[in-house]
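Starting off, we have a lone chain in the form predicted alone, written out as C-alpha cells.
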C-alpha cells in the first residue's frame, strides 16, 4: 500500500484540496486551500490532476516519511526542503524512496506551504471534498505525529520545474475591492476603506482580521441591526468594532454585520499568505 507517515506536523498541517463549493444552503462553507494556485502547481509538478488533496502547512516544520516510492513537491513561499541528507529546495518535484524522510523548513515570507504527493492524499471525502473545514469541523482532523495517510494511484508524469520560480510575497498588499452590498451603511465608504490596515494575529482560515481606524457608519445606520444574510468568500464584513474582517475559505455562510465590499477571487491567495503585521491597502471600486 502506498502511504506516508507524519513525523512532525509543525505549527499546523491540514489536508486540503480545492474545497466543497455548492453547500452554502446546508451552512457549509467552501473550504479548500487558501492559496489555490500554489496547490494546483504542486499537483502539476508531481503529475497529479490539479484537484488532488495535499497538505497545507502553516510556517513549515512539517516532516514525513515515505512508506512507498513517491514523488513530492512543495510550493507557496520559497522554503528549505530536505530529502534525507539532500537539500532540495521548493518548487521542484522530488523523488522519495520508501523509508526516506522529507522535512520542510520555515518560510522567510508568507504563511502557508503546500505539499503534493504523487497520487494525492486519499483519505475518505466528506461532501465531495477531502478538505478540513476548521469552522464546521468537517473533513479529516488536523494532522498529528504518527498519522499514516493513504495515497492514491499515480496517473501522470511529474513535470519539470527548473523554470518555476517561487512567488515574491510582499509585506504590503494592494488589494482591489468591489463596494457593496452594504457600502451605503458607511460615511464615504470608499474613502474609509482605502485606509491602510494591518493583519491582526487573531486571523485564521475563517477570516483575516484587520487593525486600523474604525469604519464609521452613517448617522441613519448607527444603531441599526441587520438581519443575517448570505456572504461569500472575500466579503469584507464590518463588526461593531468598525475593524473589518475579510472572509476566507472557512467563513460562515451567513452573517449579521454589514458587508462593505468584496475582494475578487484572484486577490484571495495573497491574503491567504498574509502574516500578522502585513499591511493591506484596499482599492475600492463600484
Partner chain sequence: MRWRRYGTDAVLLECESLEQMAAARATIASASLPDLVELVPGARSVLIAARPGSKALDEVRALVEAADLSRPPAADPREITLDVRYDGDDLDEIARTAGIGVDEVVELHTGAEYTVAFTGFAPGFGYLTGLPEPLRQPRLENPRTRVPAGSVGIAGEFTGVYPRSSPGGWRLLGRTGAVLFDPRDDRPALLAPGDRVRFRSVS
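On a predicted model such as this, the values are computed, not experimentally measured, just so you know. Positions refer to the first chain, counted from 1.
Below: the form predicted together with the partner chain, not depicted.
- [ ] Determine whether any heavy atom of residue 147 comes within 4.5 Å of a heavy atom of the partner chain in the predicted bound form, and answer yes or no.
- [x] Residue 147: no contact with the partner chain in the predicted bound form.
Open item on the list: Can you tell me whether residue 240 touches the partner chain? I mean in the predicted bound form, with a 4.5 angstroms heavy atom cut-off.
Closed with: No, residue 240 stays farther than 4.5 Å from the partner chain in the predicted bound form.
- [ ] Indicate whether the partner chain has at least one heavy atom within 4.5 Å of a heavy atom of residue 28 in the predicted bound form.
- [x] Answer yes; at least one heavy atom of residue 28 falls within 4.5 Å of the partner chain in the predicted bound form.
Open item on the list: Under a 4.5 Å heavy atom criterion, is residue 259 part of the interface with the partner chain in the predicted bound form?
Closed with: Yes - in the predicted bound form, heavy atoms of residue 259 and the partner chain come within 4.5 Å of each other.
Task: Partner-facing stretch of 77-85, 206-214, 110-118, 132-140, counted where any non-hydrogen atom is within 4.5 angstroms of the partner chain in the predicted bound form - done: Stretch with heavy atoms near the partner: 132-140.
- [ ] Consider the chain as shown here, without its partner, and state which of 190, 200, 178, 169 has a heavy atom within 4.5 Å of the partner chain in the predicted bound form.
- [x] For this set of options, the contacting one is 178.
Task: in the predicted bound form, the residue from 224, 218, 69, 254 that sits within 4.5 Å of the partner chain by heavy atoms - done: Comparing distances to the partner chain in the predicted bound form, the residue within 4.5 Å is 254.
Task: Stretch 209-230: residues contacting the partner chain in the predicted bound form, 4.5 Å heavy atom cut-off - done: If the 4.5 Å heavy-atom criterion is applied to the partner chain in the predicted bound form, 209-230 yields 227, 228, 229, 230.
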